[in-house]
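To begin, one chain is listed below as structure tokens, in the form predicted alone.
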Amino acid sequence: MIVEQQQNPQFTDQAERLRRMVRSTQRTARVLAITSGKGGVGKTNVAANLSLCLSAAGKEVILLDADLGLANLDIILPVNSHTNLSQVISGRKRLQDIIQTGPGGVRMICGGSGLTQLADLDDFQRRQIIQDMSTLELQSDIIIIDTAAGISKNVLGFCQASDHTLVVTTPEPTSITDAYAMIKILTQSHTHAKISLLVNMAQNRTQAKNIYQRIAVVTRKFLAVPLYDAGYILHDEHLPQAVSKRKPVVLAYPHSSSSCCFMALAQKLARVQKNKTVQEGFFRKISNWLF
């Protein structure tokens, strides 16, 4: 059950600074932050597989692993990472200097795992990374940021600097409650970013729709903001099998039910007309990456 609490405006000032920073730069790429209220909801798998599907749709994609301190996108995709965000934090490199090309032409910026200096950025370091992101917006169609779970200042900073925040939940009651808490805090920060809900590991479409409607009703009633429906990813045993192989499921099992869901999500976000020809094109391009 979702319980409404009193609003807390503690992130308002930071949000306004981030918006001014982002507005000051001529923008071309859209920035999508993928986040969650709790860990273990499959957020990183969503970021990796969605990036590949958007690339297959013809988009130039940059994927930033901003799960600072516990980064693992380079394991899922996989990429042999010799550079990461710790070198940007230390001032030795810029973001564009540590971009690596992963499967399907997705360009990646790897985080660092087990590095406390990444998990505990101060305000200046956080602003420097977000400001550095502006130089990448002329080089891509979409920048996807895989944030950490929870409501740390790092997570909120990246979400506030995005155009669109995708909040991932699962059907578990604790995950649903935490997803609403994340949406509430994002709303309190007065970010103008569009907020959508993605239900991961759904048993079926009906279950996912019910979860979205429950959260959307409470969001509209207590927060007075729209919550958009990003759809769902079906529970699929192929996905953990793909993780064991260190491959995204859309590459390991491109015709699986979860892969079809990721392709549908990419179609929605890329504003591609949804039809059989487009989907067959996705399948063909992704299948070609295997050889």
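Note that residue numbering follows the sequence shown and begins at 1. These figures come from a predicted structure and were not determined experimentally.
Below, we turn to the form predicted in complex with a small molecule, even though it does not appear here.
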item	value
Candidate stretches 122 to 130, 194 to 202, 216 to 224, 85 to 93 - the one whose heavy atoms come within 4.5 Å of the small molecule in the predicted bound form	194 to 202
Residue (of Cys53, Ala33, Leu68, Leu239) lying close to the small molecule in the predicted bound form, criterion heavy atoms within 4.5 Å	Leu239
Among the candidates Val106, Leu136, Ala149, Val79, the residue which, in the predicted bound form, approaches the small molecule to within 4.5 Å (heavy atoms)	Ala149
Residue contact check: His235 to the small molecule in the predicted bound form, 4.5 Å heavy atom	yes
4.5 angstroms heavy atom contact with the small molecule in the predicted bound form for Gly58	no
Proximity of Leu251 to the small molecule in the predicted bound form, heavy atoms at 4.5 Å	no
Contact label in the predicted bound form: Ser256 to the small molecule, heavy atom within 4.5 Å	no
